[in-house]
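Only one chain is included here, represented as structure tokens and corresponding to the form predicted alone.
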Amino acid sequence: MNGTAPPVSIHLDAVTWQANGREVLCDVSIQAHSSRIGVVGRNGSGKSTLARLMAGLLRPDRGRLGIDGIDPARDRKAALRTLGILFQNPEHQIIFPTVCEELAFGLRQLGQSRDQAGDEVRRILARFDRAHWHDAPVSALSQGQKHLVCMMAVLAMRPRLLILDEPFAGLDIPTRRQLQRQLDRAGVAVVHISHDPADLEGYDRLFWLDRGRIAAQGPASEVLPRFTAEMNRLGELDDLADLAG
């Protein structure tokens, strides 16, 4: 990741969130001040819920949450200027039929005029060498290209923090590397949430989420070997009841 990205402060104090009477996250506490923060865990461990809480798309049932001093669920205007999120499936993020409309939407939400947003859209497309995509229908793009559209739309808003909710899952290796290279050049702090240890190697601060609770935390060099060893141990078991849902 780009070491020049300014660090951000993440503060979660005993955050709990429930769905249908079941605790998806329970007493999750995170304190971090870094430009490279990772969250690792199995499928079903609550990672996506944590991403949406950090982005302000959900509000904790109990506990407190702050990103650089703001509560993203209660102060949506400040959240729009502070952070962005990339989902695993770009279809859950893209809402407009053309690339230029998709990129302009967030800018208009920030209060830019139509002309200002149009100028910024052209700037971000040129920055990514995709000026020819301006009027392209999103439906004609590949999955990897749709991921890039989502990334450009978020980065056009110039957030201080980008929350990555497994955005590279299911993509082939060349596409993953190309998208990662674009992120590295963006100079923005990231919270990267993934089940794949390879995504999080070298991160300053890593949190292992297991069954909705923090199982371990520390530098990636310390936490990832423990996580990998436990995943390998579970994989050797014959008890299929432990399969992730």
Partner chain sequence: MISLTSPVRTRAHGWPVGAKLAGLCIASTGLFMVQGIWFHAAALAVVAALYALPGRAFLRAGLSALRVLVPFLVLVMAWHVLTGSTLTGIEVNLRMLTLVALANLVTMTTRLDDLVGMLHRLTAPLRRMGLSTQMLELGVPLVVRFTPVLIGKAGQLSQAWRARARSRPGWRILLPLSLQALDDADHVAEALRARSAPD
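Computed from a predicted structure; not experimentally measured. Positions refer to the first chain, counted from 1.
Omitted from view is the form predicted together with its partner chain, to which the following refers.
Taking the partner from the other structure, its partner chain in the predicted bound form has no heavy atom within 4.5 Å of any heavy atom of Arg158.
Proximity of Phe96 to its partner chain in the predicted bound form falls within the 4.5 Å heavy atom cutoff. Contact annotation for Leu164: none of its heavy atoms lies within 4.5 Å of its partner chain in the predicted bound form. Taking the partner from elsewhere, Trp133 is found to have every heavy atom lying beyond 4.5 Å of its partner chain in the predicted bound form. Within 4.5 angstroms of its partner chain in the predicted bound form, the stretch 59-88 places a non-hydrogen atom from each of Arg76, Lys77, Leu80, Ile85, Phe87, taken in sequence order.
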